[in-house]
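For reference, the chain that follows is the form predicted alone, supplied as structure tokens.
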């Protein structure tokens, strides 16, 4: 993963640089570097491990029994394969919708994964509905490839998804997940997409050591997930700007 200071958001980098223009050097912000889990830094989340965190979309109960806590995501999974690109996640024609406008954000969620090929028989969001019944998306290799589009993670979060578990990610999609704080991009150690089916009931448990575990209650199998490292607390906070404000790196709005 890239470790440059501008890795997540060049606009924030410029604002930090501007606020430090009287200094001879600019001390890089560690959270912008997002080193791997093996980093020498040990940054703690801005909330306690026992706190309940409401996701970026409104919390609501559903028939799937999904819960929304810091430690656990539970619900139905939607399974995809390799090379799911951003045009399949959210077609370009919906790029004019503005996520900061509540009505537009809701519409974005209703169009999530609307560009999938027809051989995917199930729809992530049922036509006419605004939310998906699937809270966890399971993918294969190179998830989120294609054009840079922040609407991609935003639409998944707006539809009610809490996490994506994939074999690997396109770098820019992973970066946008962290920058927006919309959804947790978790990486699997094996091809879980070949062993799960859409509609399986799953739980994702976040451990204190930073690792995660995916439990498929339908197949009774468990899968260890790779740690998010320094990206985790940024997503917990609600994205890069929210993290920076809470950490005192930039003034509160």
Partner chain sequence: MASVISSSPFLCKSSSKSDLGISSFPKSSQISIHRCQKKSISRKIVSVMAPQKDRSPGTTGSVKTGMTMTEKILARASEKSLVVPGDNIWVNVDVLMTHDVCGPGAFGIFKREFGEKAKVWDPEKIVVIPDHYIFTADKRANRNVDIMREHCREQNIKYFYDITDLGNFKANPDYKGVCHVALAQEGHCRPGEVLLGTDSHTCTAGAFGQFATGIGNTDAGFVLGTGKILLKVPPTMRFILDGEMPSYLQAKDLILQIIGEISVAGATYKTMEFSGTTIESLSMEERMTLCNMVVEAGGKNGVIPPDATTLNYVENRTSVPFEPVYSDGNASFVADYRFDVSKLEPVVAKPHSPDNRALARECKDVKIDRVYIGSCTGGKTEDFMAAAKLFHAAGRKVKVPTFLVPATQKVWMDVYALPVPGAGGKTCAQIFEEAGCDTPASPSCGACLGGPADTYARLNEPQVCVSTTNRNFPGRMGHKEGQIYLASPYTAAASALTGRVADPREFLQ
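Residue numbers count along the first chain shown, from 1. Just so it is clear, the structure is predicted and the values come from calculations on it, not from any experiment.
The same protein also exists as the form predicted together with the partner chain; that form is not shown, yet it is the one meant from here on.
Asks: Out of the stretches listed (173-181, 132-140, 157-165, 72-80), which one is close to the partner chain in the model of the complex, meaning heavy atoms within 4.5 Å?
Replies: After filtering at 4.5 Å, what remains is 173-181.
Asks: Quick check on this chain: which one of 222, 208, 189, 194 has a heavy atom within 4.5 Å of the partner chain in the model of the complex?
Replies: That would be 189.
Asks: Residues 102, 185 and 200 are flagged as a possible site; in the model of the complex, is every one of them within 4.5 Å of the partner chain by some non-hydrogen atom?
Replies: Not a single residue of the candidate spot has a heavy atom within 4.5 Å of the partner chain in the model of the complex.
Asks: Even though the partner isn't displayed, in the model of the complex is residue 240 close enough to the partner chain, meaning a heavy atom within 4.5 Å?
Replies: Contact check for residue 240: yes, within 4.5 Å of the partner chain in the model of the complex.
Asks: Although the partner chain is absent from this view, report whether residue 230 comes within 4.5 Å of it in the model of the complex, heavy atoms only.
Replies: So residue 230 counts as contacting the partner chain.
Asks: Quick one: is residue 97 in contact with the partner chain in the model of the complex, heavy atoms, 4.5 Å cut-off?
Replies: Because a heavy atom of residue 97 falls inside 4.5 Å of the partner chain in the model of the complex, the answer is yes.
Asks: Going by a heavy atom distance of 4.5 Å, is residue 117 a contact of the partner chain in the model of the complex?
Replies: It does: once the partner chain is placed as it appears in the model of the complex, residue 117 has a heavy atom within 4.5 Å of it.
Asks: Using a 4.5 Å heavy atom cutoff, which residues in 140-173 contact the partner chain in the model of the complex? It's fine if the answer is none.
Replies: If the 4.5 Å heavy-atom criterion is applied to the partner chain in the model of the complex, 140-173 yields 142, 145, 146, 147, 148, 149, 150, 151, 169, 171, 172.
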